[in-house]
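Encoded as structure tokens, the following chain is the form predicted alone, with no partner shown.
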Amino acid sequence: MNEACIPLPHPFALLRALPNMDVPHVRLGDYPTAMEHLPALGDVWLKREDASSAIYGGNKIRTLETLLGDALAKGTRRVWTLGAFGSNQALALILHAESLHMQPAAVLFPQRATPTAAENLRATLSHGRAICLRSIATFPAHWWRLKRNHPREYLITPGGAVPLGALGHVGAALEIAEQVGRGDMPPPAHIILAIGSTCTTAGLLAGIALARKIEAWPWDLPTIHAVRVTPWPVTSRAMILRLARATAREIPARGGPAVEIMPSMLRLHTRYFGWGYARITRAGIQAAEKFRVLGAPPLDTTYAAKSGAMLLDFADLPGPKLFWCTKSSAPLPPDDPEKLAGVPAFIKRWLKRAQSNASAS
């Protein structure tokens, strides 16, 4: 056969493993994301989700690949998402939608004014359409009006935390199995990640169960250490397992085998949360500085710095540890001063407060 005629393997590990499954998918990232050893911290490995795309990476990309695939399969071009002012998912949607000829938009609610959030918000407002709310209290009514008035438009929930979105991270678990099988790293005894919407954690729980079922994971099961960065009940153990089980049910519904979630794999860490969502913690700052000194990917204070703090505290855990780099490390496109000049006054005040907080820190 001519080499040009040889079909390339599917970029989505779930469809490489089970090609007959009916899962919508568009490619936004470059996979597999690398495994990198960080020997200065012991038997620690990094899953470089931060480098999944030169446009904008991070763990939200896998979620959007299945959800935007679903939107396109339904003939929908206008896609809305919801998040806080500094939402990674909203920014990822805004920056990636152009390549799919889609019309992205976001509804954003206030959060603590931090430098990381301000950077995201400026990029979102510069390059896309966003409705910024004065209070999270007005969100439910606003979201309900969108659903009522725009029934043909595609709505993505916070973090894409639905079974179809979590299937993107089922693929990530199967990708780990492939990489371990190739010898890219030893079988992980622990997987450590920040948990915000629960989508990534739920997908990994379902994905490792699936890999075990299809004999792609012959090693001991890892413990998944989910480090809380959003408040209860969003990241309660019950909510995590609820989405994981719903994702597991989605697999046979789409033509895959039946799988069973193993709750014993999940360990939820709450002590690194601090005083609220996006609140900067001293332990997080210390972890970010440690990673910087070691030349590791940068840790944002909202998510990865908190899971990084947990990693440092639990350095003595036996066995290889796989740390999930959740925040995109791709450089953002330049801000548009003209668009930013036209944002509401309360957004300008919020951005100014974020700048003041950056100076204070």
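The shown structure was predicted, so the numbers you read here are calculated from the model rather than taken from an experiment. For every residue, the number given is its place in the sequence shown, counted from 1.
Same protein, other form: the form predicted together with a small molecule, not shown, and the subject of what follows.
- Think of it this way: in the model of the complex, the small molecule has a heavy atom of just one of 171, 196, 83, 104 within 4.5 Å, and the residue is 196.
- The closest non-hydrogen atom of residue 326 lies within 4.5 Å of the small molecule in the model of the complex.
- Using a 4.5 Å cutoff between non-hydrogen atoms, residue 65 does not count as a contact of the small molecule in the model of the complex.
- Residue contact check for residue 300: one or more of its heavy atoms lie within 4.5 Å of the small molecule in the model of the complex.
- In the model of the complex, the small molecule sits within 4.5 Å of a heavy atom of residue 88.
- Stretch 52 to 60 is the answer when you ask which of 66 to 74, 52 to 60, 24 to 32, 311 to 319 has residues with heavy atoms within 4.5 Å of the small molecule in the model of the complex.
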